[in-house]
Ligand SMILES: O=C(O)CCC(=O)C(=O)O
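Just the one chain here, the form predicted alone, laid out as structure tokens.
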Amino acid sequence: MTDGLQRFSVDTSAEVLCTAIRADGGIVISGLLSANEVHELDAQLDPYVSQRQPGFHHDDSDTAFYGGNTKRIQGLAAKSAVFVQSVLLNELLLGIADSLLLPHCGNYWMSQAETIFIGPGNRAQVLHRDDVNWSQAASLGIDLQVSALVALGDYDAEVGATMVIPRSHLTHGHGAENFNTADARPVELQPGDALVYLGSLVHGGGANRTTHRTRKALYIGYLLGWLTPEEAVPQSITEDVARTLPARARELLGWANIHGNAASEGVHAAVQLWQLDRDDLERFNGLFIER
């Protein structure tokens, strides 16, 4: 446990995993995806990654944070069936999200999913908390988001393994300014392994010190339903794509209204977010889930 996080096999219960996440801010799940799932997922995303130029925006601050030689693509549910079945709907990940997020919301949805392929020479990302996107909510001191980084290839310290400061989530805040970067440790993974962590854990992508290897990761985050996702997820899902997806996937991707509270009865249980005029539902042939 040189990275300060506990490691578990994929057959460990969500209850045990959540206990460790609450204690340390994150865990490693060995073999979350099988070798075949990793191969198929990588193959389905490769055409999009190959076409993507590295970098994010022209602004220097964006480039520094998102990586000048890093390839990020979103809209993964429309690009990969394996992503939907093996990652988005992964029973263990959803079990963890149920336990950590449902106490604070009526339901949750996907905040973002993307590739994070860090190329040779890319500098280390500044340490941060993902919850900074929702800074006012972060001041409440509750868990806003739980995320997973799944290795799809090389994921060692030299190639840019994610750096974490274990137990930094215990001091909730908006940034990582008060933490010593020397306390950050690389979390090395084998293909199919996953780093699962809270949005309040201080972390950042490592520097790729190689000349020829790429750190290949797939990121997914689940977010409280009363907060706005980081990615404009529903915009990447057309009606044709939605028709191929299970109902739970459509819910997680924003093709459904959502309870903004945890009430199960009374007037508060009727208050919902992400509503659509019922007359407009005909446009989607019943694909939009109206509770």
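Because the structure is predicted, anything quoted here is derived from the model rather than measured. When you see a residue number, it is the position in the sequence shown, counting from 1.
There is another form of this protein, the form predicted in complex with the named molecule, and it is not shown here; the text below is about that form.
Trainee: I need to confirm a contact call. Of R167, R213, R72, R185, which residue comes within 4.5 Å of the named molecule in the predicted complex, counting heavy atoms only?
Mentor: The residue from R167, R213, R72, R185 that makes the contact is R72.
Trainee: Given that the named molecule is left out here, which of I116, I96, A207, V84 has a heavy atom within 4.5 Å of it in the predicted complex?
Mentor: Here the answer is residue option I116.
Trainee: Please determine whether each residue of H128, L149 and H203 possesses a non-hydrogen atom within 4.5 angstroms of the named molecule in the predicted complex.
Mentor: Every listed residue reaches the named molecule in the predicted complex, so yes.
Trainee: Taking 4.5 angstroms as the cut-off for heavy atoms, does W226 touch the named molecule in the predicted complex?
Mentor: The answer is no: W226 has no heavy atom within 4.5 Å of the named molecule.
Trainee: State yes or no: in the predicted complex, is some non-hydrogen atom of S111 no more than 4.5 angstroms from a non-hydrogen atom of the named molecule?
Mentor: S111: no contact with the named molecule in the predicted complex.
Trainee: F56 near the named molecule in the predicted complex, any heavy atom under 4.5 Å?
Mentor: No, no contact at 4.5 Å.
Trainee: Should W134 be counted as a contact of the named molecule in the predicted complex, where contact means heavy atoms within 4.5 Å?
Mentor: Taking the distances in the predicted complex, the answer for W134 is no, it never comes within 4.5 Å of the named molecule.
Trainee: Where, among 96-104, 155-163, 73-81, 134-142, do residues come within 4.5 Å of the named molecule in the predicted complex by heavy atom distance?
Mentor: Checking each option against the 4.5 Å cut-off leaves 155-163.
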